[in-house]
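Below sits a lone chain in structure tokens, taken as the form predicted alone.
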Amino acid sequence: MSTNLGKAHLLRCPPGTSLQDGGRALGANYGIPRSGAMDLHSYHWANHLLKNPSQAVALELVQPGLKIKFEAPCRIALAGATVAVTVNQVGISNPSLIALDTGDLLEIGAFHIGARLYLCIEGGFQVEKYLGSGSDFVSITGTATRATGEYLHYLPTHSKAVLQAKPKWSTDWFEPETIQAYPGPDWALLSADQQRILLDQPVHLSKLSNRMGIQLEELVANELDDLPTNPVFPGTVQLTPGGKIIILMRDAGVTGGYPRILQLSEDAQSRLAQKKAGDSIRFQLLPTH
């Protein structure tokens, strides 16, 4: 890395913290997941505030406890979950856009609303990109998450920037239960009763969820015959032989053999990414024309 880059020292890095961008557009033909930010809506909004390029690399946090020291001036933007934020142990009431100076200490505390926070920095964190992306994935970047003690590099500003405006971030868009989805390729294979179960009652997120997929607690009886392996994408909803419902997310593989009963829109994937284990959702079927 260039000596002209600023350094951000991860003094404390909570589990599950990773570097993410918009994801890889290449590599699916080799079985490589797209990866990228689980909540693209929040990721893009924070980068927009900083006038960053579309693939600027950001930190994705899923737990409180981040403690990061910046060794050169910079500007950052936060979006996604509503969290407690301090700079040099002073609380920030509207932390959507923050100017930081040399030696400033940023801490991320409790998550109040939502499940994922995006910390974007002006110019993006500077990392080597593979297949057009700097998103962490263990078989591509050598690590799936970041660790305490690491340094992240960025493009410093010449001095602490003066902010002329402080945009207000709202979580209203992801708080409702409704998750919109299109009928999947295998939706018509389900009986009317199975379809009704999926659409007429709330379902709940299981603790057995990660960046590969989110599993639901409720079961749906499944007596469908085995299907050949077919392409799948982030947002594909699969029904396993045991009746489990799994919603594939950004680190999921590119093929699967379970029935593909629904396909979440990109906006719905972002909404889902902000739900926590135990939260309820309701699928709303969208027309295909």
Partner chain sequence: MKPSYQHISPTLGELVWNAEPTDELLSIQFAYLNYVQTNFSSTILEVRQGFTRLSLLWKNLASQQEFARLVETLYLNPEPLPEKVWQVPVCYHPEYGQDLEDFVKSKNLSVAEVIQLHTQGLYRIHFFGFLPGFFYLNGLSPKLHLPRKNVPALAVPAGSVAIGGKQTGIYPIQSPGGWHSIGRSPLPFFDPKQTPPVWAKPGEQIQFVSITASQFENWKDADTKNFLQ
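This one's a predicted model, so the numbers in the text were calculated from it and none came from an experiment. Residue numbers count along the first chain shown, from 1.
What follows is about the form predicted together with the partner chain, which we do not show.
Contact check for E223: every heavy atom lies farther than 4.5 Å from the partner chain in the predicted complex. Proximity of G132 to the partner chain in the predicted complex: non-hydrogen atoms within 4.5 Å are absent; the residue sits far from the partner.
The closest heavy atom approach of Q263 to the partner chain in the predicted complex falls within 4.5 Å. The partner chain in the predicted complex is approached by P33, whose closest heavy atom lies within 4.5 angstroms of it. Checking 101 to 109, 166 to 174, 77 to 85, 138 to 146 against the partner chain in the predicted complex, the stretch whose residues place heavy atoms within 4.5 Å of it is 138 to 146.
The single contact residue among G213, G123, P183, P73, judged by any heavy atom lying within 4.5 Å of the partner chain in the predicted complex, is P183.
For the candidate set G243, P231, P53, G65, a heavy atom within 4.5 Å of the partner chain in the predicted complex is found for exactly one residue, namely P231. With respect to the partner chain in the predicted complex, the three residues Q195, I281 and Q284 uniformly fall beyond 4.5 angstroms at the level of their nearest heavy atom. Residues G253, V254, T255, R260, Q263 are the ones in 246 to 263 with at least one heavy atom within 4.5 Å of the partner chain in the predicted complex, listed in sequence order.
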